[in-house]
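Only one chain is included here, represented as structure tokens and corresponding to the form predicted on its own.
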Amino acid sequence: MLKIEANWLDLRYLDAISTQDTLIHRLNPCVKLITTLVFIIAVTSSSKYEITGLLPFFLFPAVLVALGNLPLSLILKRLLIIAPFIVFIGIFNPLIDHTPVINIGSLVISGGWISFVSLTIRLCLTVTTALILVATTGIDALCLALLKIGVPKIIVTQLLFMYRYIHVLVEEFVRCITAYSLRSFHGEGVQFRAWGSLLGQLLLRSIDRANRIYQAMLCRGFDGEVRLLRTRTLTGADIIYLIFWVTFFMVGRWFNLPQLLGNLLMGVYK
């Protein structure tokens, strides 16, 4: 099985485990979406040199994984796949920012390295939380929640169709790679000069497949609107969940909790 196909099946597995019956899965999708958005805003709006102040935010994904009965290995595996992109985004910071921030003896740590670590932590937190949101909500309920909080219908429809039909593109890509491998005598993967014609064939096949799918949808009465039937009422548990976590995020955003705890302990033992 090709790696891209295996990765796609893993992503589908995230959506599959969203049907579990746990405390987190039973929460209202709108509440989970709003809480996640507040979490992302609180994390990403922190100072570029902030590291210790971000540590309390790890409590949120940790609680969701524990209460939602989610496989931690699967979340970490998804995170490792995008790790190179995270490193690529922040790796230039040490080359740009040479401002001395920390002195440890003769060792001077510049602001570029501090901001690089801070950026890596923030990206890990936000991506992990987004994966957990999909794994505890499901794509259909998530799209319905997006509609309810005011996201334009056209954007939600495109997001839903992209998720539903991207596997068609993956299937076509795997079919092209398999056909090339069966006709190749080298067995060293796709050669560089063959990628142009291969991607061209993939584009033509995708357009033809998309037209056939669209015609099939029209024959079944598709009128441009996707009707999502799952609705959930707001409960007391939803309100408590929302108030608790939003308050925690605001406190964590405006106060450095590890520093306050350290000062408190030093004051007690002084």
Partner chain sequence: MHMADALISPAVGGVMWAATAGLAAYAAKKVQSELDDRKVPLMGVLGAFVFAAQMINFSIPGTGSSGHLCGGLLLAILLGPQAAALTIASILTIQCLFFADGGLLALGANIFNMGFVACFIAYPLIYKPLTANSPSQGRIFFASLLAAVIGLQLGAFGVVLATLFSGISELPFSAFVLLMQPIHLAIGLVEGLITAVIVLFIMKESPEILQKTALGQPLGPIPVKNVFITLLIAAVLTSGALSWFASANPDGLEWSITNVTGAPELNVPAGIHSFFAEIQEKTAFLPGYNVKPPAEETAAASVGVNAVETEETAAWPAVDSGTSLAGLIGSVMTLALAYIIGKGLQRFAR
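Residue numbers count along the first chain shown, from 1. Source: prediction; values computed, not measured. Here, rigid core means the biggest group of C-alpha atoms that superpose within 1.5 Å across both forms.
Beyond what is shown, the protein has a form predicted together with the partner chain; the following relates to that form.
- A residue is said to contact a partner when one of its heavy atoms sits within 4.5 Å of a partner heavy atom; Pro152 meets this definition for the partner chain in the model of the complex.
- At the 4.5 Å threshold, heavy atoms of Gly196 reach the partner chain in the model of the complex.
- Contact between Asp238 and the partner chain in the model of the complex is not found at the 4.5 Å heavy atom cutoff.
- Under a 4.5 angstroms non-hydrogen atom cutoff, the partner chain in the model of the complex has Gln158 among its neighbouring residues.
- With respect to the partner chain in the model of the complex, the three residues Ile102, Val134 and Asn256 uniformly fall within 4.5 angstroms at the level of their nearest heavy atom.
- Contact residues in stretch 57 to 85 (any heavy atom within 4.5 Å of the partner chain, taken in the model of the complex) are Phe58, Leu59, Ala62, Val63, Ala66, Leu67, Arg78, Ile82, Phe85.
- In this overlay on the rigid core, Arg26 has a C-alpha that sits less than 2 Å away from its partner position between the shown form and the other one.
- The two forms, fitted on the rigid core, differ between the shown form and the other one by less than 2 Å at the CA of Phe244.
- The Cα position of Val156 differs by 2 Å or more between the shown form and the other one after fitting on the rigid core.
- Panel note: the distance between the CA atoms of Val168 and Gln20 is smaller in the model of the complex than in this form, the difference being 3 Å or more.
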